[in-house]
Every structure is written in structure tokens, then in C-alpha cells.
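Here's a solo chain for you in C-alpha cells, the form predicted on its own.
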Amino acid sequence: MKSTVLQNCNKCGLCLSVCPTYKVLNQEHASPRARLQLINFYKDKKVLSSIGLKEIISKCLMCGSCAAICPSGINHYSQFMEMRTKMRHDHGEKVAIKSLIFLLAKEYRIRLAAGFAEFSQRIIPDNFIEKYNLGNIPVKKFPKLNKKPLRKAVPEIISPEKSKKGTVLYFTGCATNYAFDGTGFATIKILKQMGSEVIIPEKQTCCGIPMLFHGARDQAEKNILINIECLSQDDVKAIIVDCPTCGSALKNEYPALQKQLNLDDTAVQKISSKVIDIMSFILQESDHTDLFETSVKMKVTYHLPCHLKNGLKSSYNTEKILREHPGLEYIQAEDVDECCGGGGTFFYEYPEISKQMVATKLKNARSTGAEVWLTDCPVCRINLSGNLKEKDNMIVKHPVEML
């Protein structure tokens, strides 16, 4: 159990060695250690609430590396999210972030916004948007949205292709539902091949983590309650996620918020115990070599998302499958497990810091000579592909699509 007692921090500095923001800025106030001390001073009324304090607390990718390495077991996540809630209350939020939170708080708003954006992508000429960027990423390089949301394109209950070996729930997340349906179709196909009956709860909605990371806990609460209700099903072997951030929310953040939000502890713990990412489920539940198709030989590399490493604790499962796949030549990038600088909205809010992080990732991925760059996280996928150049001749995909 992670500790929330700030006094447990012995200022050893181990968190500095893994913090991606500190590695770029090389300034003490950008370190997790400094943020914890400032939060402590704030609670003791030694530091007043200010825009400057909000900026320091916000300039964090919420990657979880500091909590994972902390010898005192401090739950940095809970401290940073609580402080962000207070800072948001005192100083408000940027219009773009407020708009995002407003959309994510209701599923029908997400659906309407995604539908409008998909229509706009089809009718607005590329030359009109070529000069616009979101952070470091040209708008024209953002993914084309699904013509139909994944959850509207498939049945809620999907039968296995062979004898049934169990039932799983599939939490699609917003990105797969509205932008990366190829990941969703591949996940469903593989689960069917493995003998799983797949249930995709119709009422599921945003996991709430983007709102929590921006201090909007009140707005996230309704989403959390909806998801707990639709995921609390008996006789289910696993809750499958293809997005590590969603998985980390369901597995770690819902239990952490149980007392604050007065959540059903039994339901929360049941959900937490069953959450698993699709690649780990493949490795755990099947002779995954049966899934391999060898018609094409491809050279691939991989980026390990922070929330898969630190939240779901599944660091090596995807790489194990990639190494064993006879149709793939897997070449590990030098910085395979370093943060890419995406961080939800971090690439938009702090583009100069993010740019330095992703530049190193690009350099090392290029050096592998890979044709395909694989990553499990949709935001990492957007950040990596959005910063590639046309001449790179490399595409970014979810690993499940390569099976």
C-alpha cells in the first residue's frame, strides 16, 4: 500500500533519476521531490496559493515513475491530483482544458464532438489546416476519426469463434471508440480466436483520468460511478483494456478514490483485480503462437508507455510476444521505456518540454531502421506519429494490430 504521508519523503533524490520533466529542465523545482515539499509547505500554510505554484504542480506528466521508484512508498499520484484540485479551484483552468473536461464529463458530448470533428476532417481541405498545430503536432497529422464509433459498429455481446473458454469485458476507452477502431477490431478478433465471449458494456464512458489529472474530481465522479456499475459483472474472467492509462485508472485510481468518493469498495476491488491489458492477457491465457500470421516479414520497434510500466506493471509482456513472432524482426530502441512526452495533454500545454523528449525518441527509433513503431497507448501513438517526418517512412500502430 502506497503511503500518502508527505513526511515520509526523505529527500533521497531517487525520483529525480526517473522524472522525465526533471531530465529536460534539470531544475529542482521541476522534480517530484520539490513538488512534495511545496505541497507540504502549502498544507502548513508556509506557501500561499499562486499561479506560480499551480504551474509547478501542473508541469508533470503524471507518468508514475516517481511513485514506482520511491523507497518510502509515497503515493505521488494522490498528492498531485489533490493539489491540482485545489489549484484549479483557486486559479481556474485554460479554456482548452476546461472545454476538454466539459466534453469528457458526458458520453453524449464526446459522441457529438467526435461526430462533428470526423465530418470536419472530411470536408475541410488539408491546405486550410496545414498551418495549424496543437502543441508540436500539426493538426493534419492527428488520426482520422472513426466514421462510426466502435461500440456502435459491433454487437454488445460477441460470441467466440470456437468453444467458449470464458467471458471477458472489453473497456474500449474513448480513443479506440472514436479514433482507433483498428485496435478495437483487432482486439475483438483475437479474443474471439482465443475462445472468449466478449461483452462490450454499452454504457461505459471516459475512465475519468483526464479530468482527475486536471483537478476536476467532481466532474470525473459521475463517469467513475457509471463505469463501476457497468463493469461490476459476475462470472467474468477479465476486464480487457487496450489503453494502459484507462487500465491504470480502473486498477489503481478507482480504489485510491474509494473513501473520498464513497465508492462501493467490493465492486471497486473486484474491478481492480480483473483489469489486464490485451497483450498481457494474450500471453497469460493462450498459446499465443497460434495467433501468429507469417505471410509478411516486418522490422518493428517498440515504445513502452509509462502507465503500462508503472500502472499495470506489464513492462515486458508486449516485447516478449514481439520477440517470439516469426513474422516480425523486433529491434529494441535504446530508450524503449523512456517517456515520449505525450502525457495526456502535456504535449499541448508544455510543447517545448515535450518536444525535447520526443526528439530523443524519434532519433533512437530511426536508428533501428524499423518500418513500424508499436506502442500500446493512444496518446503516445498520437505524439509519436504526429512528430514523425514524411521521409521517415515509418508508421505507428498498437501491437495487437500486428498479430
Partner chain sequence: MLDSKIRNQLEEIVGQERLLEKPEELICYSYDAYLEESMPDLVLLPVTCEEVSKIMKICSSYKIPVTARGAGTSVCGASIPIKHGIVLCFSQMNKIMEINTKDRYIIVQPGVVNIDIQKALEPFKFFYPPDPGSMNVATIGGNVAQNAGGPRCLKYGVTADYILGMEVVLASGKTVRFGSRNVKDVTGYRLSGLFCGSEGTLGIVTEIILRVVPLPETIKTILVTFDDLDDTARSVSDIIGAGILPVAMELLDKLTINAIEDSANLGFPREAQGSLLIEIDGVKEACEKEMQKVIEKVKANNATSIKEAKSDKERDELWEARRSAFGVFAKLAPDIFSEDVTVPASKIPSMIRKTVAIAQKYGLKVGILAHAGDGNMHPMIPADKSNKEEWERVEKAFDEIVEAAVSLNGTLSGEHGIGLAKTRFLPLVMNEDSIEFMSVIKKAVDPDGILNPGKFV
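Numbering follows the first chain given and starts at 1. Small disclaimer: the values here were computed from a predicted structure and weren't measured.
From this point on, the text means the form predicted in complex with the partner chain, which you will not see here.
For Lys11, a non-hydrogen atom is located within 4.5 Å of the partner chain in the predicted bound form, even though that partner is not displayed.
Though the partner is left out of this view, His29 does reach within 4.5 Å of the partner chain in the predicted bound form, counting heavy atoms only. Within 4.5 Å of some heavy atom of the partner chain in the predicted bound form lies at least one heavy atom of Pro71.
In the predicted bound form, the partner chain lies within 4.5 Å of some heavy atom of Leu16. With the partner omitted from this view, the residue of Val372, Leu362, Ala34, Val336 that lies near the partner chain in the predicted bound form is Ala34 [heavy atom within 4.5 Å]. The stretch in contact with the partner chain in the predicted bound form, judged by heavy atoms within 4.5 Å, is 44 to 52, chosen from 341 to 349, 44 to 52, 373 to 381, 354 to 362.
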